[in-house]
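Just one chain is shown here, as structure tokens, and it is the form predicted alone.
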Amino acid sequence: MTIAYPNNQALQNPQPVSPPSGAQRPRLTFLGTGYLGATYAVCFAEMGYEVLGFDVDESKIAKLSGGEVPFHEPGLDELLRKNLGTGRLRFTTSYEEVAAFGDVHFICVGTPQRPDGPAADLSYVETAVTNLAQRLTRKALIVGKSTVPVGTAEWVEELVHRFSPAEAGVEVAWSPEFLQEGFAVEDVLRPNRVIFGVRSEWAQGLLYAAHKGVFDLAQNEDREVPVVVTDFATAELVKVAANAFLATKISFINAMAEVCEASGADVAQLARAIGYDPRIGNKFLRAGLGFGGACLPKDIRAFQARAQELGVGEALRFLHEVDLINQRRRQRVIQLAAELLARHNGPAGPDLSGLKIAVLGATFKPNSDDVRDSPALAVAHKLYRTGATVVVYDPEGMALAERELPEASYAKTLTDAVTGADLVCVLTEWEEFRHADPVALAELVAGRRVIDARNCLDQLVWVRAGWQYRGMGRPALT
């Protein structure tokens, strides 16, 4: 295992330090058991660590303690129940229990967008750190995993020094996460890189010990896990810079979709062609509704806000346009709906009253039940405002979608959703939708019209089945 330092020196096979608790391996705690914290807690228990998950939400802790994951993530339920059974994994609402148990405390709370602007709300980080720090009685390492503005780690260090006993010698480190919803278990067990933002050899050694299960698994599978040891600021920037780059790439291909729509070109073929260039690559080049979820939208806005505070706002001005491009693709679906249904698209939008529209997909991506900042749900809301009867179906996100958009109707099956529909809109690329039979569905609908807002259907197959097909950035076929 080679670790790259900022000064380009390298340390071969660093030796883990002894855990302050005296345990054989570091005891790990994860403060915040939302998507991030719960997934890490379960997976690190699977690698043999003693793990304690913490949250102030008593109902969430009760569910996790009872073997129920409060969100959808493939494979996580089974691992949760398995490791609860071994006794390696427990959950609590007690800061005292966390402080007494842990050697390494990972901060995994949310950093949502502030209600009064684009900056990140760090109140949950402050609450978790201060409540933990004042209860620590021995040396420990507090490690940030939440996505935060650059400079947060130094602020956390100040909080720790202010609230923890000086004799305890509590230290801070930063190690960002890179989870992809739907693939999070694999991302924890087999990460494509690990980042250690540290100030001391002791912190680096304890972080290495806390990740030795990851490295041992990689060695057993003959894989390499790149580890970058760096300063606080760089470690914080790794996550937001990566998210900003991915958001930019997605919005770039969606900008090309706008050009393709105006010129008659096909963005799917364009993306395929430029994706063969190894400098560009084909990932994140699928034009469609754009990005959503709990990370990319709020992270790029917070990144811009922080750059403005640092006096370098001009450097990230392009991210504002990235955000605008992403938002425009949602309105484009409404325009396509008006065209297909032959309704006038006026300044206030089209009047689609008296029509039924089947919306297939509510989550921001497949293999998740997450509807936060979901483009699919945003489009469903826009369609509802046109006066249409909107019927939504999603394999996993129905309960959360109904909470966010109670005005719409919800079907229990794909068949129920499309029956009698004048228009079908595929807004999330679930496998069930990708492989749906257009011939069978044609017998159920009132009008054979489909908007493929994710460019995930076989255009030719649907057209041959008699459907009027519209993709994003793709010419119509007859």
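Owing to the predicted nature of the structure, the values given are computational and were not obtained by experimental measurement. So that there is no doubt, residue numbering starts at 1 and follows the sequence shown.
Just so it is clear, the following notes concern the form predicted together with uridine-5'-diphosphate-xylopyranose (UDX), a form of the same protein that is not shown.
- By the 4.5 Å heavy atom rule, the three marked residues E181, R286 and G292 all count as contacting uridine-5'-diphosphate-xylopyranose (UDX) in the predicted bound form.
- For the candidate set Q304, N243, T152, Q204, a heavy atom within 4.5 Å of uridine-5'-diphosphate-xylopyranose (UDX) in the predicted bound form is found for exactly one residue, namely N243.
- Of the residues A133, V148, I250, L355, just one reaches uridine-5'-diphosphate-xylopyranose (UDX) in the predicted bound form with a heavy atom at 4.5 Å or closer; this is I250.
- In short, of 221 to 229, 293 to 301, 161 to 169, 122 to 130 it is 293 to 301 that has heavy atoms within 4.5 Å of uridine-5'-diphosphate-xylopyranose (UDX) in the predicted bound form.
- Under a 4.5 angstroms non-hydrogen atom cutoff, uridine-5'-diphosphate-xylopyranose (UDX) in the predicted bound form has E177 among its neighbouring residues.
- Contact between R332 and uridine-5'-diphosphate-xylopyranose (UDX) in the predicted bound form is not found at the 4.5 Å heavy atom cutoff.
- When uridine-5'-diphosphate-xylopyranose (UDX) is considered in the predicted bound form, F364 lines it closely, a heavy atom lying within 4.5 Å.
- At a distance threshold of 4.5 angstroms between non-hydrogen atoms, R470 is out of contact with uridine-5'-diphosphate-xylopyranose (UDX) in the predicted bound form.
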